[in-house]
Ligand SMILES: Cc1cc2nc3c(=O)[nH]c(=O)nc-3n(C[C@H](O)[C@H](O)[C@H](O)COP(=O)(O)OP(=O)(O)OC[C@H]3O[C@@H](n4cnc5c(N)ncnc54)[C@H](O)[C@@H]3O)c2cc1C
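One chain comes next, on its own, written as structure tokens: the form predicted alone.
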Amino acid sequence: MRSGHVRIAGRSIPVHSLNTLVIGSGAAGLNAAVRLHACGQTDIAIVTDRLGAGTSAESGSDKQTYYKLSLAGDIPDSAFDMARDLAAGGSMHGDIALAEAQGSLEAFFHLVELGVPFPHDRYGAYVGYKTDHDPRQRATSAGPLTSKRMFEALAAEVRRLKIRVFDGHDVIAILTAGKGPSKRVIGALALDRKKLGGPGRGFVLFNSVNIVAATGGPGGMYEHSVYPESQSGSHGLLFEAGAVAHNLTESQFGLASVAFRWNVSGTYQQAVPRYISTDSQGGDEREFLNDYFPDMGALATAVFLKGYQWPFDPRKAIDGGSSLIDLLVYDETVVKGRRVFLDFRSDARGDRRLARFEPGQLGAEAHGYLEKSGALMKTPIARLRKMNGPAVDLYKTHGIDLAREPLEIAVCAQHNNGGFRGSIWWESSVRGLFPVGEACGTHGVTRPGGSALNAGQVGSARAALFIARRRAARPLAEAAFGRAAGSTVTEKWDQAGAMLGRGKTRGLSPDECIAEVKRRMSGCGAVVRDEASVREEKARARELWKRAARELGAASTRDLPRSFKALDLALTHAVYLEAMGEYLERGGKSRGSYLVPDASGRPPHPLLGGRWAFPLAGPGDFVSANVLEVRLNGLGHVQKKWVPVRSVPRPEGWFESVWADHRNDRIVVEEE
């Protein structure tokens, strides 16, 4: 990497020239840097707003799952079987699924070698368990903080390899050259927070051949979210660069605590806590689930199953299934304006119709699980401590003692299964731009729990290999780069000046803009999506984006990153609602992790009435046979295209042929 300055519109701006810039410092981004270095491409750097922030370092669950090919027991498994199971969730391309499955063991053992403490038995078998949407026992875990352990191990390797990290930098533009299929990355523009008060407003340029976009999911769009507060997403950068996105309609929603953002999945539910709701002041306590189940055994079993059926799933919301609980929590909190808590201090007390809970009332599967775990205790907190003591300790470290106080929860956004389209080498529609991790939407409608961690590691490794083999050129000469980047840099400079000119008293504040985005997305683009509401709100979302471009203010140069972030989120939510509107206009029905109300369907429970009636999407529906792709064109319009779902390929695998291709460097090749 070489550093210098370029002059653009009379201003001298620092520039760092290198082969590959990684944006983001989560597990996927760090792995991309480590794997690039291992492949021999050392002309690299990482740029991040804060090392140690984001979803990888600051999220988890009761025992956060990593999904991989089975390695223990006598249940047969293969990469093709795993690929077929990944693609079975719908709207996932089969070639991507096969790449993720085939690379899962290499990615997993790379983490093991770096010191992530995945458990194995005395014979060296890395044992597994079933997770949601998993037909085999492929799941494993390093505890509640699996992704944090991954981040720590990869960050240590980045330090050992002395890979340059530009911390405290906010990327505000991806720079490109060319048009159409020839469009390519030439670098990025960022704000250096340490220099915001200087005459250059902290502007700094990166002149690069490749960009690995490891910027995470759009967590900042939702009011009710289990994304860490530090994880807001940067999808607007890639939309503005012209990258094609797909499956933006498909997100995961589930129950999570709100004071401290954390999934209440797994043993938090298998301990069978008491569900209560109160009014906004904490009074009028009710065990609101009692009205919707025929007996305490059915209620408690549904709560238990919520543990490994954690994401909301409309298929499980009928006939007393576990996802009925999500809808009832949503009804209490969003519709009725009440608050909902998990109470681990005592068992459900029932009422005149339902008996008090006893473990013997559980269904055979649930009772057998607790029995094998030695957890047939008399209180939820005792059962939770027995099965997973660290899950209790985790809340205690954040000032919440589950043995002394109830835990407030809501139905929250947790993960976006869609994102930016990538090839089997994770290159986007823009040459040299590689979205990895949650930014790359490899998943379809549903996915096995923990498969996102696998996808992030496999995808970033494959991107690194492709860059090292096929994108190893030197960056532009500084003068040529300055000319190519000039118009975008000038546009962002003028935009920053306009924001500062409006100051704190005029225009739209960043906080007001972001609050409107959150209200809109949680209101119509989350777990319940009404076609009329989405149609109305997508127009308002577009207007907010246009208004933000005209009116967004910044009180001082220190506020510029927040203002650019607000603009990014305004654009992002406008594109997402366009995608949701297209899905609904094409006749899309309830699927994945959201419900589409429709009077032609059936209500999930008689007491909920017709307003909750819904039909399910079917395998023969147009939206099931195709994947929705969207992109922002140069005029600011969202273009939409439906493409057929690609099936899982069955490569011949003849050794002599593969060996010949490998010897002659015909494996890592451009896609047609």
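So that there is no doubt, residue numbering starts at 1 and follows the sequence shown. Computed from a predicted model, the values in this text were never measured in an experiment.
Absent from the display: the form predicted in complex with this ligand. The rest refers to it.
Undergrad: Using a 4.5 Å heavy atom cut-off, state whether Val436 contacts this ligand in the predicted bound form.
TA: Heavy-atom contact with this ligand at 4.5 Å: present for Val436.
Undergrad: Decide whether Gln64 counts as a contact residue for this ligand in the predicted bound form under a heavy atom distance cut-off of 4.5 Å.
TA: Gln64 belongs to the contact set for this ligand.
Undergrad: According to a 4.5 angstroms non-hydrogen atom cut-off, is Lys316 in contact with this ligand in the predicted bound form?
TA: Contact with this ligand, no.
Undergrad: With heavy atoms only and a cut-off of 4.5 Å, decide whether Ala32 touches this ligand in the predicted bound form.
TA: Outside the cut-off, so no.
Undergrad: Which one, Ser593, Ser428, Ser208, Ser234, lies within 4.5 Å of this ligand in the predicted bound form by heavy atoms?
TA: Checking each option against this ligand in the predicted bound form, the one that comes within 4.5 Å is Ser234.
Undergrad: Among the candidate residues Pro597, Gly450, Gly200, Gly553, which is the single one with a non-hydrogen atom no more than 4.5 Å from this ligand in the predicted bound form?
TA: Exactly one listed residue reaches within 4.5 Å, namely Gly450.
Undergrad: Quick one: find which of 467-475, 442-450, 297-305, 113-121 has residues within 4.5 Å of this ligand in the predicted bound form by heavy atom distance.
TA: After filtering at 4.5 Å, what remains is 442-450.
Undergrad: Using a 4.5 Å heavy atom cutoff, which residues in 163-181 contact this ligand in the predicted bound form? It's fine if the answer is none.
TA: Read in sequence order, the residues that approach this ligand (within 4.5 Å, in the predicted bound form) are His169, Asp170, Val171.
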